[in-house]
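Listed next as C-alpha cells is one chain, alone, in the form predicted on its own.
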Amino acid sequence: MSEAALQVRGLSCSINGVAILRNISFSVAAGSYVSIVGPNGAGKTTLLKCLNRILNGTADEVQIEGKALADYAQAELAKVMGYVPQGGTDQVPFLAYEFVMMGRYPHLSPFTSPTATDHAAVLQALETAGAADLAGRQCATLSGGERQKILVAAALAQEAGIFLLDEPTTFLDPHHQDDVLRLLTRLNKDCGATIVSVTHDINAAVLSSDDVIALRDGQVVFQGPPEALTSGTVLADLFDQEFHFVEHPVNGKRLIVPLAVR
C-alpha cells in the first residue's frame, strides 16, 4: 500500500469569506481504509467536497492516483473516485435501480440508452452492496440503512477505486451500522478499494481503519494508526474533554466508553 491514492499539499478553502480549511496536507495510501475524525465544524465534510470538486479550494498540490486533480474532466474523475454524501434518498422520485443507474453517468452517452454492460454493472453494484432485493423499491420507501446501501451501490456503479464517504452510519441503528461498516470493510479488504470515511464514531474508526486523520479548526492535528489515536492525550486535546478507555475483548484494541454521569 505504498502508492498514494490521494496526495494533498497545502489545501485551503473558504466559504463566504470564512476559512474552513487551512493549509491541509496529508496522503492516503492506495488500498487503505482511512477515517477522518474531529469535532463538529472541523472541516471534515468540506475536505471531502474539495477532493470531489463540489467545492473549490486552493492548494499547492492535490493528486488523485498520481494525476493532478485540476487535470481531470469531471466524468473522468467520477471513474476514479466515488462520493457518498451525508443524507438519504428519501426525496428522490426514482426506483432504487434507477437511482443506482445514475451512478453510471461517467460511462453513459447522453444520446443513447444504457447498454447491457451498464445494466450488468448496476446489478453487480446492488449485489455487492447487499441491496439486490431493493432494486424495485421506491427510494422514498427505504429505511435509513437501506438508503445508505443504495447510495454506496450508486458509487460502486461508477466502478471507481476510491470511495469518499461522509458519515455513512449517521442515524442508523446498531444493526444497520454494522451492515454498512462490514460492507465498507469488504470493499476494502476483498475488492482493494481505497476508503476515506468521515465519522464521529471514534470506536468505529479504531476498529476499521488502517490510518486516522484528525481535523480541528480546519487543520490536520493528527495522522497515524488508530492505536496512536487512543494513546496519550490525542483525543483529549482534539475534543477538549477526558475519555475513559477499555480493551476490546476480542482484539485488545483500546476503545472509548462514556463518562459516568451518575
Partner chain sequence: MITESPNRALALPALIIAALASLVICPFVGMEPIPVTVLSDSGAVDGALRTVFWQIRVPRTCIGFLAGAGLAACGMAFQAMFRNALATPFTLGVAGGASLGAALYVRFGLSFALLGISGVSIFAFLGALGSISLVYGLTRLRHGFSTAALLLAGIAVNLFFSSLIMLIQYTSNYAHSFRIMRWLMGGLEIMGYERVFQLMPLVGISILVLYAVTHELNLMTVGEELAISRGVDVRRTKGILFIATSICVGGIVAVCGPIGFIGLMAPHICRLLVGGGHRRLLPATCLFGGLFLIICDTLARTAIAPAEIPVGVITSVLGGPFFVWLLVRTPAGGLNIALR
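Residue numbers count along the first chain shown, from 1. Predicted model only: the values in this text are computed from it and were never measured.
Separately, the form predicted in complex with its partner chain exists; it is not shown, and the next lines address it.
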With the partner left out of view, is residue 55 within 4.5 angstroms of its partner chain in the model of the complex by any non-hydrogen atom?
yes
Give a yes/no on whether residue 105 approaches its partner chain to within 4.5 Å in the model of the complex, heavy atoms considered.
yes
Is residue 130 part of the interface with its partner chain in the model of the complex - any heavy atom within 4.5 Å?
no
Might residue 49 be said to contact its partner chain in the model of the complex, defining contact as any heavy atom within 4.5 Å?
yes
Triplet 188, 228 and 251 all within 4.5 Å of its partner chain in the model of the complex via a heavy atom:
no
Contact residue in the model of the complex, from 172, 162, 78, 121 (heavy atom within 4.5 Å of its partner chain):
78
Looking at 141-149, 188-196, 172-180, 106-114, which one sits within 4.5 Å of its partner chain in the model of the complex if you count heavy atoms only?
106-114
If you look in the model of the complex, which residues in 153-185 sit within 4.5 Å of its partner chain (heavy atoms)?
154, 155, 158
